[in-house]
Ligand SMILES: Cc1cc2nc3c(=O)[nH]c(=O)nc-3n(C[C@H](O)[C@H](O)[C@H](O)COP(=O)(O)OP(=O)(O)OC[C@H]3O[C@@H](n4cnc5c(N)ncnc54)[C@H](O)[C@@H]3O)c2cc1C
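So this first bit is one chain, no partners, the form predicted alone, shown in structure tokens.
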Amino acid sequence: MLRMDPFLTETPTSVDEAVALLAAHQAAGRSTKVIAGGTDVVPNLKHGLFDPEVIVHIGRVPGLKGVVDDGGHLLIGALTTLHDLSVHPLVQQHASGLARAASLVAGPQLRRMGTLGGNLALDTRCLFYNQTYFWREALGFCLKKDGSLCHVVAGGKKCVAAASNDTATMLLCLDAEVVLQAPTGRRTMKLEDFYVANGIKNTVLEAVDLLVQVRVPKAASRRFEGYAKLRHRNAIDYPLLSVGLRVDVDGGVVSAMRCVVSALQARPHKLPCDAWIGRAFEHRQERQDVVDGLKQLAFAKCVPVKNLADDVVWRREMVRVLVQRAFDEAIGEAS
């Protein structure tokens, strides 16, 4: 049986109280961990991947759930569950790719507990990290936890554990922003700036920060969105690869385009898509010409490493397949 080390639990009832508690424990030199649904944090606690002295449970904080349309954005509370996100009519209408991505996280029981904020702040994963303490100890631990070497990249000084958060892949396509609250007040940043290229700590979240909201700009023109995920089983499993795609069309031509590939490295990889701005996107062959070029670009730019439990050559070959699947999903031709 896997057991957790003892810790103090705090249950704030407001955002201000939660942030104040984080700041107070930080000032006292105590390590903290924020938990909401707990679908990822609790297993990691049992594996000894985290060893906080204090758990701050924010599941009872009001005002952090739900989706609101403010005219130009969808404002999504960080405690909105992945299930609610996947079925919410506003999300399905204005961010269908995000609804699709949320619907593919884990299984139905976990989606009813897991939250958007938790998924965005998800810890990175690696074949040599997501194991029991005894398994990791036998290898001498690793760069990400308790050790000083990387088992994936010989001599590596930067952790390459993979980002595995489905919603982040799609939200990056949608130019989303996140709202963080700290003792000094709230700040808003692009989701792209929220992630850094180091698997040990792949977000800019500090110990006193709380992710409270996600802002998704609404489309100003016709928009096509698609999300595709590669995994061993079509439920429960984390992605071996994920692709998000968004194409905005104005006057029959591409006015904006985003493609993000994830589960390759510590942060989702945003492909350069400016070459397709102005390309015709009205007829089926015109659309396929665009995606064929994108597939070749994705294959050239996306090179997996052996940080997940499957063949890297196969994962790379599947990049082109998943770009096509995301495209088919976007234009309504997915099988």
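Each residue number is its position in the shown sequence, starting from 1. Keep in mind that what you see is a predicted model, and the values were worked out from it rather than measured.
The protein also exists as the form predicted in complex with the named molecule; that form is not presented, and the subsequent description refers to it.
Contact between V41 and the named molecule in the model of the complex is found at the 4.5 Å heavy atom cutoff. In the model of the complex, the named molecule sits within 4.5 Å of a heavy atom belonging to A121. In the model of the complex, none of the heavy atoms of Y195 sits within 4.5 Å of a heavy atom of the named molecule. Among heavy atoms of R100, none comes within 4.5 Å of the named molecule in the model of the complex. A heavy atom within 4.5 Å of the named molecule in the model of the complex is found for exactly one of R267, K33, R287, H47: K33. For the residues L191, V216, L104, V254, the 4.5 Å heavy atom test against the named molecule in the model of the complex is passed only by L104. You can rule out all but one of 92 to 100, 217 to 225, 255 to 263, 236 to 244: in the model of the complex, only 236 to 244 has residues with a heavy atom within 4.5 Å of the named molecule. Contacts to the named molecule in the model of the complex (heavy atom within 4.5 Å) from stretch 59 to 82: A78, L82.
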